[in-house]
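This document opens with one chain alone, in C-alpha cells, the form predicted alone.
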C-alpha cells in the first residue's frame, strides 16, 4: 500500500522491561509511519504526552507538551533527544517519579541500547 509516495506498513508494537535501581521499568514502543510513540513507566498510567520533530529552521528538534504537568520536563526533553537521534517524529509519555535523576539517565541509556539492538522497532 502506498501513502503519499512512501510505503505504509501500519503500526507495529514492541515491549521490553528492565529492572533499573530496584524498580521494574516497562517500555512500550508503537512504530508509526514516519515516527514512533514511546511510553515509559512502572504502572499503566498515561499522565503526560510530549511530541518532538526536526525542523529545518533549528538544529534542535521542536518539542511541546501535549498533556500533563508543564513542570515535569522529562517527556519533552526525552522526546527532543530521541527525535534528534532518530530524525523522526517522536511521541513520549514518561510516567516515572522524578525523584532520582540517575534513574532518568539509566532509563534513557536503556532506550538507546534498545535502539541500537532493535532499530526496526523505532
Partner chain sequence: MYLFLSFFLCRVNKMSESVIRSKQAQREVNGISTEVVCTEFSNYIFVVLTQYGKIGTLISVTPDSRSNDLSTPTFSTKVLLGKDEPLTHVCAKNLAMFVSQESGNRPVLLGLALKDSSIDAIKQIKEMIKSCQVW
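Residue numbers count along the first chain shown, from 1. Remember, it's a predicted structure, so these values are computed and weren't measured experimentally.
Separately, the form predicted together with the partner chain exists; it is not shown, and the next lines address it.
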Item to check | Heavy atom of residue 113 within 4.5 Å of the partner chain in the predicted complex | outcome: no
Next on the checklist: I'd like to know whether residue 77 contacts the partner chain in the predicted complex, with contact meaning heavy atoms within 4.5 angstroms.
Outcome noted: no
Next on the checklist: Against the partner chain in the predicted complex, would residue 88 count as a contact residue? Criterion: heavy atoms within 4.5 Å.
Outcome noted: no
Checklist entry - residue 60: heavy atom within 4.5 Å of the partner chain in the predicted complex? => result no
Item to check | Heavy atom contacts to the partner chain in the predicted complex at 4.5 Å, residues of 65-83 in sequence order | outcome: 66, 67
